[in-house]
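Shown below, as structure tokens, is a lone chain in the form predicted on its own; questions about how it binds or moves come after it.
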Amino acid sequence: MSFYLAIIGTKDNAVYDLEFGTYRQGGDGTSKFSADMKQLCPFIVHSSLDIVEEMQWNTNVMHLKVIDKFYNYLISAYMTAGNMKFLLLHETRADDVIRQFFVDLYDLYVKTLMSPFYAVDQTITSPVFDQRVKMLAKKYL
């Protein structure tokens, strides 16, 4: 099972993205997307931004759950208080696990945001952030 995570900024710019596989059921954490799908992942996720922006005004929850489908792939979304969007492209429905992953990712993002060397909507290039996101993926997904 493969995942594609994107953190989208307030200006709809990609702040961070990561492609990874599951560690469950003997997985090694590497993505199993086909070559064509690897190229489509950013487009699929960004195409769901309109749905996220429509839903954000109709609900008061941060975790929007599954918001869109593309063939057999699902897109889950999480809105932060600062209007950042966390989007996850995945294959199976696991709302509770994905919600907990997003909550911990939000905590990690807030810690990064508190750094004096980072500004909102700036691309996150920190290897420490990347490593911690991978550890969250290993823990939950």
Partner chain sequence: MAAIPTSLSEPSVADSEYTGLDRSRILSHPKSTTPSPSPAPSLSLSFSSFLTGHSAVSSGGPLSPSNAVSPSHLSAVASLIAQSFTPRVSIFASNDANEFARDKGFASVLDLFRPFGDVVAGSVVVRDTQGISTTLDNFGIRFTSSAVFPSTPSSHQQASPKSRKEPAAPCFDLQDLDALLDIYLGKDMRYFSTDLAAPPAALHDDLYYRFLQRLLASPPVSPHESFAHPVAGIIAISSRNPQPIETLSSLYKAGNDALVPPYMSKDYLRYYVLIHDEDHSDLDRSIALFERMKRHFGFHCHMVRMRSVKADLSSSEPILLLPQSQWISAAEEIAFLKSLPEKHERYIFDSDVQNMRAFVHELVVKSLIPFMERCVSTWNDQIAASRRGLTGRFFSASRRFLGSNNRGLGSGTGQSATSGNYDPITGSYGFMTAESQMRKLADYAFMLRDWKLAHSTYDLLRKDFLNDKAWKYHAGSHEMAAASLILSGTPLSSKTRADTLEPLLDSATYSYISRCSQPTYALRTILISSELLRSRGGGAADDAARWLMKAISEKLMGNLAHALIIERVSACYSIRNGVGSQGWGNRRRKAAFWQLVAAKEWVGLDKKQHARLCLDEAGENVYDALDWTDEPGQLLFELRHSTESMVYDSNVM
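Here the structure is a predicted model, which means the values were calculated and not measured. Positions refer to the first chain, counted from 1.
Beyond what is shown, the protein has a form predicted together with the partner chain; the following relates to that form.
Among residues of the shown chain, Leu40 is one whose heavy atoms approach the partner chain to within 4.5 Å in the predicted bound form. Though the partner is left out of this view, Lys11 does reach within 4.5 Å of the partner chain in the predicted bound form, counting heavy atoms only. Put simply, Val97 is far from the partner chain in the predicted bound form: not one heavy atom of it is within 4.5 Å. Looking at Glu91, you'd find every heavy atom of it more than 4.5 angstroms from the partner chain in the predicted bound form.
Contacts of stretch 37-55 with the partner chain in the predicted bound form, defined by any heavy atom lying within 4.5 Å, are made by Gln39, Leu40, Pro42, Phe43, Ile44, His46, Ser47, Ser48, Leu49, Asp50, Ile51, Glu53, Glu54, listed in sequence order.
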